[in-house]
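As structure tokens, one chain now follows by itself in the form predicted alone.
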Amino acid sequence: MSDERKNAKHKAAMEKQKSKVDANIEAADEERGVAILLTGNGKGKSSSAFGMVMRALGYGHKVGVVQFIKGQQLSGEEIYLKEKCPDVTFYQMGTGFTWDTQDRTADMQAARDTWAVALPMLRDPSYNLVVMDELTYMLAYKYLPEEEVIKAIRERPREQSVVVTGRGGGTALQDVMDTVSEVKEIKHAFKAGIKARQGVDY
């Protein structure tokens, strides 16, 4: 096939694709905040959420970040947000992972205390974006009442977007979200004996 025919075929295919994209954009006429769940067993869920934090900050939006589970080990996102983005409301549960604490009662109390920080953000229309990192584990372990969490996400201010990360979360959580993306692990460096890398893994 000549270059001229290849170019013509490519142009026709791109024109067809553009018409589909334009039609989808035209059909999306509802303006409101979105609820996004980033789940799955692969690496990158929290990283994606923090990418949206940076995106929102680029537009001068008000952002709140609540991290469930994490907190004992210092992370790059914590350092950056506290030092460079003091306007971001940032809170960590601070207990580390549940397999580290091995204390269900204390973990449940820490989860409730952390939810008490997140809930007012979900009711505050001044927040454009609220990230609840690793929240799914709190539902899976039944540390937080699922109905209350679902209700808060559903009834949040219309213009507010919310991002939830973590494996699983259950069908009820998925049902209330507008976008659900699954990050699938194909391979992971840690399983090959490579240590977690500063600036990449934490």
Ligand code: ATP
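We number the residues from 1 along the sequence you see. Nothing here was measured: the structure is a model prediction, and the numbers come from that model.
Heads up, the form predicted in complex with the named molecule isn't pictured, but that's what we're talking about next.
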Original post:
Looking at D22, E15, E182, E185, which has any heavy atom no more than 4.5 Å from the named molecule in the predicted complex?
Top reply: E185
**OP:** Could you check which residue among G168, G33, P145, G42 gets a heavy atom within 4.5 Å of the named molecule in the predicted complex?
**Re:** G42
Original post:
Thinking of Y59, D124 and E159 as one candidate spot, does the named molecule come within 4.5 Å of a heavy atom in every one of them in the predicted complex?
Top reply: no
Subject >> Options 168 to 176, 51 to 59, 130 to 138, 147 to 155; stretch whose heavy atom lies within 4.5 Å of the named molecule in the predicted complex >> reply: 130 to 138
Original post:
Though the partner is not shown here, which residues of 166 to 202 have a heavy atom within 4.5 Å of the named molecule in the predicted complex?
Top reply: R167, E185, H188, F190, K191, V200, D201
